[in-house]
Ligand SMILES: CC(C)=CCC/C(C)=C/CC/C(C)=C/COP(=O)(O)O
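Taking the form predicted on its own, here's one chain by itself in structure tokens.
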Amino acid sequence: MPSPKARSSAARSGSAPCAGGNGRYEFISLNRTPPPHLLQRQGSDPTAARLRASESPSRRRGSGSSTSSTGGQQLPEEDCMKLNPSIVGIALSSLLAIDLWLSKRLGVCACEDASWGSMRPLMKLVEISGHGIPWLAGAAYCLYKSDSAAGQEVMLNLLMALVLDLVLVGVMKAVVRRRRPAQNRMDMFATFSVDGYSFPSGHATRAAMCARFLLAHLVLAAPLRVLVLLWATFVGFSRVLLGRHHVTDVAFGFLMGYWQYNLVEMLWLSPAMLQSTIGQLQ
């Protein structure tokens, strides 16, 4: 039987008495390794018990907090939950979801097996009619064959507008880098490196700009003017039907083409101005 003095010293040292096999009490410290006969009696592994005994509660709490803190720093930003999303972010996400859903539903000519797959050859002809290469070749040919100064002036500025459209759309696509819809088939006519991107639609910008240009500088009868507007609208709508672009790509393309015509009017070139510029360069 231990004395009261031994009990008090054991309590102060943080030890607990334990009865041994011979009826005597043995003192085991919480910070020290238990005796081998106690480990064997409990049926535990000496190495694992020694490791458990060596870990204090404060150390386990510290390691847990450090792990959580380092783990929080290593998580990528997109995996973190945003508890307070902004109204603008919610609106943009909703608009993007609606755009993807509507573009997929309207891509009825994306392949031959689609619901309107039989109309795909006609849609591809409309696609070629709004391509940049036929327009550039036609404007250059008309400029070469034109005999009047007014005709040359109009064709020269149309050629400049087409080149400006290619540059601006190419820069915009390279900056935004939005991928084309998943249902798109890359069988387009005369593609370039930036044509792998979707935003904005180059056909839509070209159709809107050329429609405004022709209506402003060519004397056309009323039926022809309506036909030009229908052609521009059908070119943009065919981009969604073929699965080439999303709806927002075409909508922004129309707005961009409308604005590009204003820029062409600001940069309008006359034959006299062109000749003087060439003379100064020479």
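Because the structure is predicted, anything quoted here is derived from the model rather than measured. Residue positions are given as counts along the sequence shown, with the first one as 1.
Heads up, the form predicted together with the named molecule isn't pictured, but that's what we're talking about next.
Heavy atoms within 4.5 Å of the named molecule in the model of the complex map, among the stretches 148 to 156, 116 to 124, 86 to 94, 129 to 137, onto 129 to 137 alone. In the model of the complex, the named molecule sits within 4.5 Å of a heavy atom belonging to residue 195. Though the partner is left out of this view, residue 141 does not reach within 4.5 Å of the named molecule in the model of the complex, counting heavy atoms only.
Although the partner is absent here, residue 182 sits far enough away that none of its heavy atoms falls within 4.5 Å of the named molecule in the model of the complex. Contact between residue 166 and the named molecule in the model of the complex is found at the 4.5 Å heavy atom cutoff. Contact residues in stretch 198 to 220 (any heavy atom within 4.5 Å of the named molecule, taken in the model of the complex) are 200, 201, 202, 203, 206.
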